[in-house]
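Take a look at this one chain, the form predicted on its own, written out in structure tokens.
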């Protein structure tokens, strides 16, 4: 029972491991006994993590292929790198749209393809991608973010379909509200933490570790028959949506 997850000794690559959800995923996998290679565009962000560290801009194919060559075969890939750029779709700059898609969608494809080749040759592996509830519920004024996450969920399902015969699984995790360095600007405003927590049935905003635990499960043998799935990890927030619709007599 010491390795109930079946992860000990496996090699895992985690992108965006320098902070937030990516860092939490890398730490959770390492705690489960995996040999984790943390990847971030900013190598200094990985200082002090205790992880093997690699620098890579996942939006650049040559960089990703070079990373895969340096790292070699692995069993687990967690795609957690991400950016967000504000702007309504009616006026978002095309450069901002392209930059976000390049990281949040194309980068995930490049990383998945580069490492899946080796997985197939070793009898299988698992891909886990960090999506968002914004992929199913549009988030206004966030540029390409919702579109990128919706496309990511479909891309993961297509990878699951195409790579399943090689023993490769592909799943997404869709967090709700999570307090990370990327979202800290929101929580710096007095009262926002409390108001956001009150909107969640479980009564709080998620910590990155809440997401990392689900990612670790999907990367493990305990999820060996799970592929093409999107697991929502939002504390029940999306279950509240219909409660905003007035229904006199059913309060």
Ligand code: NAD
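Positions refer to the first chain, counted from 1. Note that the structure is predicted; figures quoted are calculated from it, not measured.
If you look for the form predicted in complex with the ligand, you will not find it shown, but the lines that follow are about it.
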(request) Heavy atoms, 4.5 Å, the ligand in the predicted complex: which of 52-60, 217-225, 66-74, 29-37 makes the cut? Say which one. (result) 52-60
(request) Answer with one of 155, 114, 178, 168: the residue that has a non-hydrogen atom within 4.5 Å of the ligand in the predicted complex. (result) 178
(request) Answer for residue 235 alone: is it within 4.5 Å of the ligand in the predicted complex, judged on heavy atom distances? (result) no
(message) With a cut-off of 4.5 Å between heavy atoms, is residue 81 one of the residues that contacts the ligand in the predicted complex?
(response) yes
(request) Although the ligand is absent from this view, report whether residue 159 comes within 4.5 Å of it in the predicted complex, heavy atoms only. (result) no
(message) If we define contact as a non-hydrogen atom of the residue within 4.5 angstroms of the partner, is residue 193 a contact of the ligand in the predicted complex?
(response) no
(request) Taking the ligand as it sits in the predicted complex, which residues of 24-46 have a non-hydrogen atom within 4.5 Å of it? Please list them. (result) 40, 41, 42
